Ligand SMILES: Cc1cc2nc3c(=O)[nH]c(=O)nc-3n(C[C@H](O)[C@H](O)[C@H](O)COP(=O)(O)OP(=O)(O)OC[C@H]3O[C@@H](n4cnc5c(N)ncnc54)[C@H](O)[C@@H]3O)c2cc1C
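Next up is one chain by itself, shown in structure tokens, the form predicted on its own.
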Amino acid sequence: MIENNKTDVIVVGAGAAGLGVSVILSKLGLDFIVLEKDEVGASFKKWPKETKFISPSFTGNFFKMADLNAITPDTSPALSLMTEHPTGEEYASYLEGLSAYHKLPVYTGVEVKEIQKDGRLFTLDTSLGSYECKFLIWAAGEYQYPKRKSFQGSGLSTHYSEVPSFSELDGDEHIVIGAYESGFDAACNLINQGKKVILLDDSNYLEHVESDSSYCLSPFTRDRINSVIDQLDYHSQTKVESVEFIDNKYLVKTKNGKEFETSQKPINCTGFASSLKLVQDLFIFNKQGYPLLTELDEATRTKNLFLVGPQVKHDNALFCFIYKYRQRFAIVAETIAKRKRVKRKLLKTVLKDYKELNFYLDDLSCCDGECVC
């Protein structure tokens, strides 16, 4: 246990982002701990049983092309898990192995309730007492913070994050509300279970294509959709306005006047909010709801508070997938190391592998514009 619950750096969250940045903190010899309200990889363990990674894993590290789902330059989920598209449970085992190998100081069952900053120190009020640190890295993620109020009567629906397995859902017909990755994943898995599916898309994601995977469906998802498209009742440009329960039926009403009826609770796939609501007073947010960060991923409002994970955004560059936000781990760790005056030789040695395997993105101009492809 750390002395008097004080340390230089505290990382909040033991998922892909929290552990990824923790590994490089460890290599730099920094004093830190990781606080996790549940367990290592908890969000991934909560995925529906059938859900898999949309980004493929492949063992290309040896040729300086890191596995897209790796959180360190020297590991590959494809190699350790022996699968291309791991399930949430499988990926959690990869994270657990990584944490154990590096002997990361992860404290589980510690829920952060409130954070205050007095002068140079952060004080974290948790379910197991107070902790203090000079640098704070927020890596609590999104999955455990679902959007539940995207339409009237949303409480009459089952959120995607509440589905343990699509095989356990009753009924032969389901309405899926929301059609980005989670919506199409739900639809495909339900159809594979022999269910009839009505998919309501407030946009038109099947037709929307651009080079940034943050804003369009992945090839993995499109392949799965194509295999069941003849069995899918798909409605684009159909935004849900409300859900009502009338005469033992769920009535879904849309803004364009359409109505749909089902005997089963609709499945809410309108996405996830953000853990940042727990520390919103420490950040300034733009009109789109993203936190304003410096070029070092430091909160513009609060010095020495850093953000890693899928909420990181710079202009049009959204770091919402592991292969994106892992490129910023070293930026954050390097910044803290320099402020702690870590020896330059050690810093250069540790950063070498991160830079060589594209785990170090400090020029964000490469993220502007469309690819010519």
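Don't overthink the numbering: it's just position in the shown sequence, from 1. Values in this document were obtained by computation on a predicted structure and should not be read as measured data.
Omitted here: the form predicted together with the ligand. The next part is about that form.
Residue (of 139, 190, 269, 199) lying close to the ligand in the predicted complex, criterion heavy atoms within 4.5 Å: The residue in contact is 139.
322, 331, 312, 337 - the one with a heavy atom within 4.5 Å of the ligand in the predicted complex: None of the others qualify; the residue that does is 322.
Location of the ligand contact in the predicted complex, chosen stretch of 142 to 150, 73 to 81, 246 to 254, 297 to 305 [non-hydrogen atom, 4.5 Å]: Selected range: 142 to 150.
Proximity of residue 163 to the ligand in the predicted complex, heavy atoms at 4.5 Å: Judged by the heavy-atom cut-off of 4.5 Å, residue 163 is well away from the ligand in the predicted complex.
Contact of residue 206 with the ligand in the predicted complex (heavy atom, 4.5 Å): Judged by the heavy-atom cut-off of 4.5 Å, residue 206 is well away from the ligand in the predicted complex.
Residue contact check: residue 66 to the ligand in the predicted complex, 4.5 Å heavy atom: Residue 66 lies outside the contact set for the ligand.
Heavy atom of residue 317 within 4.5 Å of the ligand in the predicted complex: Output for residue 317 is no: heavy atoms all beyond 4.5 Å of the ligand.
Heavy atom contacts to the ligand in the predicted complex at 4.5 Å, residues of 103 to 127 in sequence order: Residues within 4.5 Å: 110, 111, 112.
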